[in-house]
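Okay, here we've got a single chain as structure tokens, the form predicted alone, with questions on binding and movement later.
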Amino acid sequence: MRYIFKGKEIDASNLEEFIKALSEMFPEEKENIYAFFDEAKKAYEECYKDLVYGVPLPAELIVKVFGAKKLLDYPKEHPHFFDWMNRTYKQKLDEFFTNEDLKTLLCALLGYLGTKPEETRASSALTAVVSYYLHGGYFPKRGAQRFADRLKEFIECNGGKVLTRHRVDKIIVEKGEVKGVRVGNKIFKSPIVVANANAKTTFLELVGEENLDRDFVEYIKKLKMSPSCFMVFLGVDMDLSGYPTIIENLDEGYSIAINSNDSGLAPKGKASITILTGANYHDFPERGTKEYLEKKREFAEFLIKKAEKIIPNLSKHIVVQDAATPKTLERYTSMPEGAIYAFDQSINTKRPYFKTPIKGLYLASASTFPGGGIEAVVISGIPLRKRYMWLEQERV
């Protein structure tokens, strides 16, 4: 990774390099930098203690799996992580550091949560941001599509079917119990439905307010969506293998991901690039209009011009180009406002629990515990497996 901050380039491929670079930039904070990452390591290791299927559990399930005493003993058995759970990221940074520039630099990856440091639970920053410094970040070779392909293969190898072009129109509910789903004129009956659509879409459109308690409907309606972003996708006839895979420009507020580094996503001597920055859904006109297309084009050119400060003559080597606005993301993911993490991930938002008020209807994906991102979304499915095993035991 490369960070650009106050005109300086900071390159680091592991924690040791990052600590060394920070210590050279902020020598007066050297001891504090080592102390911060030492505590972060301990807190992270405690987070992943007492796991079921290799993932952390929400408090409700800790009680069910391990008993109430385990929850009461949690602070004593996980002292460092418990402290991070009850502080904001800003409070943890203030605890260790006085230099504001250093604190800003350690917030460089908060875009992975879409929150401000003073509104970010420190434990969330630990698992979604600081963990990148501790253990690095990973992606599937030849692209994220392979991740979805493997999931599909696993389902089919275990007797399931994956139906594409089957957008659900209605989740069928009778007397507070789920009975299946309707897709066009087809009815798929089932006593259990797992919805990974956004919870607002699931409850307000697919279930229907008439099947839900008024207070619950108001709670769902008031949930704030996470930020969205604008992305430019480029295929270029340049060899960019000498650049870091990810470049975070804190000075100008955008990121560059050279997707083809180590992934096989471009022919030899060429490169695949994504340039992205935060964007507001409501700043874009209606999709497909002349005004929308013009704004999309201008925004893309604006970002490419910024990226040329880092990759000279980039615009002269473009072979293929595309772009995505928040409204593009909404179109392809059915996520309200094109939110990239479903709901706001700050301390101000309580995500819906995976078990819903409708018997047999469960939530998975970014709407529920623990939040957005591939790793978090995978974790969201683990409690459902545990729940399914309990149901099977009860049936026996």
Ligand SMILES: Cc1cc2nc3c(=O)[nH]c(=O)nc-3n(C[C@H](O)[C@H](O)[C@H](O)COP(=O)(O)OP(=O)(O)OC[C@H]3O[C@@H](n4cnc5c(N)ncnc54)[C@H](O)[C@@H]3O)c2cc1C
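No experiment lies behind these values; they were computed from the predicted model shown. The numbering used is simple: start at 1 and walk along the sequence shown.
Omitted from view is the form predicted together with this ligand, to which the following refers.
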(Q) Against this ligand in the predicted bound form, would residue 214 count as a contact residue? Criterion: heavy atoms within 4.5 Å. (A) no
Q | residue 372 within 4.5 Å of this ligand in the predicted bound form, heavy atoms | A | yes
Q. Is residue 166 close to this ligand in the predicted bound form, meaning a heavy atom pair under 4.5 Å apart or at it?
A. yes
Q. Is the gap between residue 329 and this ligand in the predicted bound form 4.5 Å or less for some heavy atom pair?
A. yes
Q: Identify which of 279, 105, 206, 266 has a heavy atom within 4.5 Å of this ligand in the predicted bound form; exactly one of them does.
A: 206
(Q) Can you pick out, from 315, 241, 196, 321, the residue that has a heavy atom within 4.5 Å of this ligand in the predicted bound form? (A) 196
**Q.** in the predicted bound form, segment of 166-174, 214-222, 70-78, 186-194 with a heavy atom within 4.5 Å of this ligand
**A.** 166-174
Q: May I ask you to list the residues of 323-350 that have any heavy atom within 4.5 angstroms of this ligand in the predicted bound form, in sequence order?
A: 329, 332, 333, 334, 340, 341
